[in-house]
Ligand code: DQA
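We begin with a single chain expressed as structure tokens, specifically the form predicted alone.
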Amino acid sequence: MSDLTKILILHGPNLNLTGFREPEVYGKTTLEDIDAKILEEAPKLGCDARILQSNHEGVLIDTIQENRRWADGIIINPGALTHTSIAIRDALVAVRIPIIEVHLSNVHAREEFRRHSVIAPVTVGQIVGMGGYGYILAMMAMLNLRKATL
């Protein structure tokens, strides 16, 4: 595979406060530091990454749709929209590319309402509880998926 795997990485609501918001749950690393690590590791892995954080569901949906022809895959941490957004779920289904869901914390070990994802059934997988490193793991998984389908 000679070309870079193009990955759209989306962070949902409140992730801009990562490092400040509930550091005992989400860690002390800021989203800016997580994004910098993603952008540092992406070319080493053979990826071209575009990253967006938004607190607005419509912006996330527009970005998914706008990148449908560019991206080979999407890595998304929908934040609280994980549990409620049928609109994001539908946008992800519509683009017909592999999706990996990422969460900084282990959502399955937290409150009951956080254990249900409306996004998970339309993804190829989910990475939870690995903090910011979960995005790197997701990029590695996306590369393996792409190689398997070429």
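Everything quoted here is computed from the prediction, not taken from an experiment. Throughout, we count residues from 1 along the sequence that is shown.
What follows is about the form predicted in complex with the named molecule, which we do not show.
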{"item": "Option touching the named molecule, based on a heavy atom within 4.5 Å in the model of the complex, out of Ser117, Thr63, Ser54, Ser105", "value": "Ser105"}
{"item": "The single option of Arg50, Lys37, Arg68, His83 touching the named molecule in the model of the complex, heavy atom within 4.5 Å", "value": "His83"}
{"item": "The named molecule in the model of the complex: contacting segment from 88-96, 55-63, 37-45, 108-116, heavy atom within 4.5 Å", "value": "108-116"}
{"item": "4.5 Å heavy atom contact, Leu15 and the named molecule in the model of the complex", "value": "yes"}
{"item": "Partner contact for Gly73 in the model of the complex: the named molecule, 4.5 angstroms, heavy atom", "value": "no"}
{"item": "Residues in 16-44 close to the named molecule in the model of the complex, defined by a heavy atom within 4.5 Å, in order", "value": "Arg21, Tyr26"}
